[in-house]
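The chain that follows stands alone, in the form predicted alone, written as structure tokens.
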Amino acid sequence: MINKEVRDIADALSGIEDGQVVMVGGFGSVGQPDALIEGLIERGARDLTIVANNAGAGRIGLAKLMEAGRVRKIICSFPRSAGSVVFEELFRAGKLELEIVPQGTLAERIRAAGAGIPGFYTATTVGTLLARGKESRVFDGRTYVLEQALHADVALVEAWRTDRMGNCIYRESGRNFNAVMAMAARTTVVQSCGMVAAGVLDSEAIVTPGIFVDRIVVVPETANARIAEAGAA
């Protein structure tokens, strides 16, 4: 039987090299694969391009990765959010490149990559600086801007439950960008809150089929943390 579970985080992240494009799931801290981010810091890869919804908060997670000097560029929708001190420090110092993409467009660029669609037209950025240098066309009297699919070398994803074949389900809003990112990378690494036997997951609840997953590492303490967060809310 196919078994995509690896021994530890170091094994899960093997092969990540300097200069690669890495997608990081999550919406702020929700659904963010924190253990994999810590492992990426330990691995030492540099000059990374990070694709994420936010640019981190405080000095943990993505912010910690940037503060360690490992990120050359970030592609995101909301670089400035509550506590985004590291991003602001690095950006003002000219040490970090930024590409802003509207949230819906970011999600669709990632989804397009997973679906094999090279690009699509959208009216979202028409007449703004974000449309500068991009092709535009008129359809039915309205102008649209061409956006290209966004691929990655690696996607780091958090799932609520997985089986050893790589099928994934997500818990509530933890689904966010994780599902589309899992489809858009050459290598998808899943941080799982819990592993179950093949055939246990409800086939109607599986969001990410195992065909899109390459490696799974189980981090059960993440599940406890998520439950505690939900209880506190």
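Being a predicted model, the structure only gives us computed values, none of them experimental. All residue numbers are counted from 1 along the displayed sequence.
Just so it is clear, the following notes concern the form predicted in complex with a further copy of the same chain, a form of the same protein that is not shown.
- When contacts are defined as a non-hydrogen atom within 4.5 Å, all of 111, 117 and 148 contact a further copy of the same chain in the predicted bound form.
- When a further copy of the same chain is considered in the predicted bound form, residue 137 lines it closely, a heavy atom lying within 4.5 Å.
- Contact check for residue 47: every heavy atom lies farther than 4.5 Å from a further copy of the same chain in the predicted bound form.
- Taking non-hydrogen atoms only, residue 171 approaches a further copy of the same chain to within 4.5 angstroms in the predicted bound form.
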